[in-house]
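Only one chain comes next, encoded as structure tokens, the form predicted alone.
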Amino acid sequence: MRSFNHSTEILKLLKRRKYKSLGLVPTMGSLHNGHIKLIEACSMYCDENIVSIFVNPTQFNNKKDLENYPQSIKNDIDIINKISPNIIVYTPKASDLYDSPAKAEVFDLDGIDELIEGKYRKGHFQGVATIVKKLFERFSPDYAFFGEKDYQQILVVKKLIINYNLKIKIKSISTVREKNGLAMSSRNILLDKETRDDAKIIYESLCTAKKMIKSKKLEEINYFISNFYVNKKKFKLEYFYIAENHSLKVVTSLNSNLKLRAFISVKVKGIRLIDNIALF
């Protein structure tokens, strides 16, 4: 298996290969089991596969967060090679995707990029849409694979596909979790072992909210989650929302006729951890 720094090299390779469907798994590297599930799904679904590894600067609104984002290209390539030596790995420099300086495009995403996570990371989803559109335009994949841990990102990409009439289908996989329930994230490795174990309370609090929704009012659930983190010294609740599954509009009352999802962000020793689960 080879990795390529330039998209033109990959396009030349694809011209020589015969395939029925091309799958793309966009990542920022520091691969974990969640990424592995995506890559395995892509390999099973498509007969030609590209995994991109690129820490995209335009989706970071915090320079320190960008600088601290974990990177391990060699290890990532070894992981991908164990899945399949036939997977094409794209490891570009910023200059292969952006003019200098790198700037995000501006997209009309019907406001979905400004809700929930978008409130706390201004411009984040514009940066996500920018890099995804660039990858889509470069490689014209038939399918692209994303994880539901970043559920809002999936909706942003789907909106992008509709707005630009792209012939790409999105495949998503359920959030992959550590044994204690913590949603797998590349940022998890920045936590010490004790804190990483303690962070199981994030998923536990979501599961409790899911149980409560059967018999409690929205105000009671919101109060429980808010109060739950008050006495947790390591953990600072940044947000908790219950929102409609497709529009991400935060609900003001519970309605069993709507598909709802709970979203949470918690800061742990300066590291932001996000998660979400379907409610009903």
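Only a predicted model underlies this, so the values are computations on that prediction, with no experimental measurement involved. Start at 1 with the first residue shown and count on from there.
There is another form of the same protein, the form predicted together with pantoate; it is not shown, and what comes next is about it.
Visitor: Using the partner position in the model of the complex, report whether residue 146 sits within 4.5 Å of pantoate, counting heavy atoms only.
Guide: Close contact exists here: in the model of the complex, residue 146 approaches pantoate to within 4.5 Å, heavy atoms only.
Visitor: Wondering, does residue 150 line up within 4.5 Å of pantoate in the model of the complex on heavy atoms?
Guide: Yes, residue 150 lies within 4.5 Å of pantoate in the model of the complex.
Visitor: Is residue 80 one of the residues lying within 4.5 Å of pantoate in the model of the complex, judged by heavy atom distances?
Guide: Residue 80: no contact with pantoate in the model of the complex.
Visitor: So, residue 26 and pantoate: in the model of the complex, are they within 4.5 Å at any heavy atom pair?
Guide: Answer yes; at least one heavy atom of residue 26 falls within 4.5 Å of pantoate in the model of the complex.
Visitor: Counting only non-hydrogen atoms, which stretch in 237-245, 39-47, 222-230, 26-34 is within 4.5 Å of pantoate in the model of the complex?
Guide: Looking at the partner contacts, the answer comes out as 26-34.
Visitor: Though pantoate is not shown, can you say which of 109, 89, 202, 128 has a heavy atom within 4.5 Å of it in the model of the complex?
Guide: By the 4.5 Å heavy-atom cutoff, the listed residue in contact is 128.
Visitor: Which residue, 155, 206, 132, 116, has a heavy atom that falls within 4.5 Å of pantoate in the model of the complex?
Guide: It is 132.
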